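Next up: just one chain, as structure tokens, the form predicted on its own.
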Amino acid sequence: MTVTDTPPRARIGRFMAANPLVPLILLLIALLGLLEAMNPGIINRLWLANAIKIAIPLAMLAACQTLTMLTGGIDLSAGTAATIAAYVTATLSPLIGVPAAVAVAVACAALIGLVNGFGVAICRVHPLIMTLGTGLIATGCLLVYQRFVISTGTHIPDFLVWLGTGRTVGLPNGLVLFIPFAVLLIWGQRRTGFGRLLYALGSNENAARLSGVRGWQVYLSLYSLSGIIAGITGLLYLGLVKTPSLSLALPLDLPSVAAAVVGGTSIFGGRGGYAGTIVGALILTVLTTMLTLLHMPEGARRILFGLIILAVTALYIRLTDRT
């Protein structure tokens, strides 16, 4: 059979498989059209700016999931690390100053990632179990820490408020941080040796080890990087919410996993990328707006939200896996 004899459906499937971002972007456009039909006039400059502002922390936390999922892992402690970084910054700023508080906060998040990396790389604990356990331990430590600083007051640095809630020329200031972050991550995952090692370990860890890859070094670096990203996300989210709490970023944990999966990153490793995750975060943000407009109760909203995620993921895999 020649190329011209190939059925149109097969050609479309091959095009989608070669360009996995296309179906995601088409789905995002379709959802925006449906949202506009549900509430004419809602898609305007102000709404788009607010949607991007809300999607940025989700997309950044989803970077932790994307990178770890490329190796067949996951980071369920990312939301906890982000929460700790935000809470430590807000409570230490009045005591030791903003720069030192931010440094301590990011160091705490990096330490969580380093512990995860040690458990996964050296102790060979499954990433799901390791990051879940580390997250629970870190949450307990945060509760203990909170008892010592409960009377010291909190302070949210002005530059975080500027990043989280401010706008310049109608665009959220968070893009000042997010755009370089996204460009660096997308470039790094494909153009650097570290990025290629993530795909190699996710595709076939045994073959990668036989090729001379020191997997333990990669895992240590990967989960430490994930902790740092989560810490930075927590700082940005603190500026957006402007209210430190012991559960600040925890509600973003599972949506961050969903954004990576909807964006085409395989939970089995070796396939996906951060560009798709960004679109996945935007898709989830639009879906959240749609469910809010329907005035659904929280329970029904969670059920429908989960079903939509499963349906979108199944459809995406069917399109991109077609040969």
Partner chain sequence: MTRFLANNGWTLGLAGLLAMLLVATKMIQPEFGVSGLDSLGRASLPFALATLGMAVVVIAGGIDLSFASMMAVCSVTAALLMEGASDGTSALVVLAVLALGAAMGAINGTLIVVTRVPDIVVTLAMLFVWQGTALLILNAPGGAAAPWLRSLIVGGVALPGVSPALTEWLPKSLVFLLACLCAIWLPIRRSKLGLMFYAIGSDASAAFRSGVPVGRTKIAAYAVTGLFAALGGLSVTMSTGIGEPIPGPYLLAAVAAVVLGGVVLGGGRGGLLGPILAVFVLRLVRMDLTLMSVDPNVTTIVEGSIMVVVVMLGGVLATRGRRT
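Numbering follows the first chain given and starts at 1. On a predicted model such as this, the values are computed, not experimentally measured, just so you know. We call the rigid core the largest set of C-alpha positions that still match within 1.5 Å between the two forms.
Note that the form predicted in complex with the partner chain isn't included here; everything after this is about it.
Among residues of the shown chain, Phe178 is not one whose heavy atoms approach the partner chain to within 4.5 Å in the model of the complex. Within 4.5 Å of any heavy atom of the partner chain in the model of the complex lies no heavy atom of Pro40. Under a 4.5 angstroms non-hydrogen atom cutoff, the partner chain in the model of the complex lacks Gly170 among its neighbouring residues.
At a distance threshold of 4.5 angstroms between non-hydrogen atoms, Ala86 is out of contact with the partner chain in the model of the complex.
Of the candidate stretches 68 to 76, 90 to 98, 223 to 231, 105 to 113, only 68 to 76 contains residues with a heavy atom within 4.5 Å of the partner chain in the model of the complex. Every residue of the trio Cys123, Arg302 and Leu307 has some heavy atom no more than 4.5 Å from the partner chain in the model of the complex.
Of the residues given (Pro244, Pro157, Gly119, Gly164), Gly119 alone sits with a heavy atom within 4.5 Å of the partner chain in the model of the complex.
In the model of the complex, the partner chain lies within 4.5 angstroms of at least one heavy atom of each of the following residues of 131 to 147: Leu132, Gly133, Thr134, Leu136, Ile137, Gly140, Cys141, Leu143, Val144, Arg147, in sequence order. With the core held fixed between this form and the one not shown, Ile25 has its Cα displaced by under 2 Å.
Here Met296 counts as shifted, since its C-alpha moves by at least 2 Å between this form and the one not shown after the core is aligned. Compared with the form shown here, the Cα atoms of Ile308 and Leu35 sit 3 Å or more farther apart in the model of the complex. Compared with the form shown here, the Cα atoms of Leu310 and Leu48 sit 3 Å or more farther apart in the model of the complex.
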